[in-house]
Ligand code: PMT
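What follows is a single chain, given as structure tokens, in the form predicted alone.
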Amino acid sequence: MRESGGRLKNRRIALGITGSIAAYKAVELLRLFQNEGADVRCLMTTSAVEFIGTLTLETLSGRPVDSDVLSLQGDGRIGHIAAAHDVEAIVVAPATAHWLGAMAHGLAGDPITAACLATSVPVVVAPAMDGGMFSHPATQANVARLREFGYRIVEPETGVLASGMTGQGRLASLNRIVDATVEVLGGDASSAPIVATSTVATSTSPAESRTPARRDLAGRHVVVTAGGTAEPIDPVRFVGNRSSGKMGMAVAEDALARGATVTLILGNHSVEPPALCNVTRAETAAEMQAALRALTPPEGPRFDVLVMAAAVADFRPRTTSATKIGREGGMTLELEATPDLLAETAERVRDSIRTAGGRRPILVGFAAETGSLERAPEKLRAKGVDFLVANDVAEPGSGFGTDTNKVTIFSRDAEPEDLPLLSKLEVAELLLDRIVVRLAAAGGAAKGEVPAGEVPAGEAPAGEAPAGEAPAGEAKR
């Protein structure tokens, strides 16, 4: 091991540990940070101390652990205030559902929330919890709120939890947490860690390997849904589709290359998401619905652009068996329709604009058809979106799992555009070109205002170009 070099050489980090059973992993995380060259001090909640105590952390870090929000340091300074101003990043791992809620609402009842409130340095948060807690709408809303603060969320992983249940809630691999910390501090997370306790599949995406020629989405928040949903029949079977997630990943990659902050709501997928995305896992239509609702509260949408590229199952079993169904006697499934997430989200956005005002973000839907695209114009109108990207999945090179796509882009105020067979990244680039033009036509909102996009029909402010039209002298692309 090397303790004087590494990607975090001489960087000062505060490691916040909350009361999760995964708190024991914080000891190894501390060592990984030190192996990368970091100087680490530890903050703990009272419940975290119950799990692992302070002695091991104090011995390894060479510093007292701050576990009392009212405690003073030896030099008379308040412990959490000193941490807030002495470090270059705060990493909260594990972060419980309780801590996420407290932090989202600014409740400084422990040294970690107090330090985060008092600091201006980057904050990395790695949630860990049991059961269905992470997918609950309250938790998802709190996570969305922390993302609004600019916090980097390292999503928990799916697997067997402490209770014996299986679900999303396992603390992310320690290497992922270290890599995220390196990234927020401006380092190179692509180089191999000095010490690894586990391996994570990674890939170099086009958006990460190329230098973009433009940053026309800088300062924008783009939300992309990708992958398919799996609607459970029983613990081992589900109703789903063939979606790989490649098209949505391509949109996320190009949005990152253009400077956007990207949130990826990710269902079942066969390719790894870009490393710099904020990822929310959503394996069912209900989980994807909860994630979208968290991003569209009554006070207004929390994004500038929404691209719904996920293939949400149209139907799900009306009832789900808690145990595996035997093959004796066969199986009869009674299905019900899943919610139309695109139409529902568009309606929630319209409702929030009517009540709270502001501009409507750009909304984009995808439609997979077979045989013809004749239903696409009606889908565009019925769902109330700006663009609908339709493809015939029966055409060669245009189906699920391919690296290419042949699409038609429908717009409510322009003629359909038939694109040739292209790579999915090229399709993403052309789609985002059109989105950028529409954002520019609607006018930009100042930082802190309602996200920029298009105002509802008939409500364009005086002097602004109508939505979908390029400013004078600028050609539509």
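We number the residues from 1 along the sequence you see. If you're wondering where the values come from, they're calculated on a predicted model, not measured in any experiment.
The next section is about a form of this same protein that is not shown, the form predicted together with the ligand.
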Report the residue, out of A172, A230, V393, V279, that has at least one non-hydrogen atom within 4.5 angstroms of the ligand in the predicted bound form.
-> V393
Residue among A89, M133, A368, A294 with a heavy atom within 4.5 Å of the ligand in the predicted bound form | A368
Quick one: does A114 come within 4.5 Å of the ligand in the predicted bound form, counting heavy atoms only?
-> no
Proximity of G384 to the ligand in the predicted bound form, heavy atoms at 4.5 Å = no
Can T263 be called a contact residue for the ligand in the predicted bound form at 4.5 Å between heavy atoms?
-> no
Is there a heavy atom of R242 lying 4.5 Å or less from a heavy atom of the ligand in the predicted bound form?
-> yes
Among 253-261, 135-143, 305-313, 93-101, which stretch has residues with heavy atoms no more than 4.5 Å from the ligand in the predicted bound form?
-> 305-313
At 4.5 angstroms, heavy atoms only, are M247, D340 and G399 all close to the ligand in the predicted bound form?
-> yes
Would you give me the residues of 403-417 that have any heavy atom within 4.5 Å of the ligand in the predicted bound form, in order from first to last?
-> N405
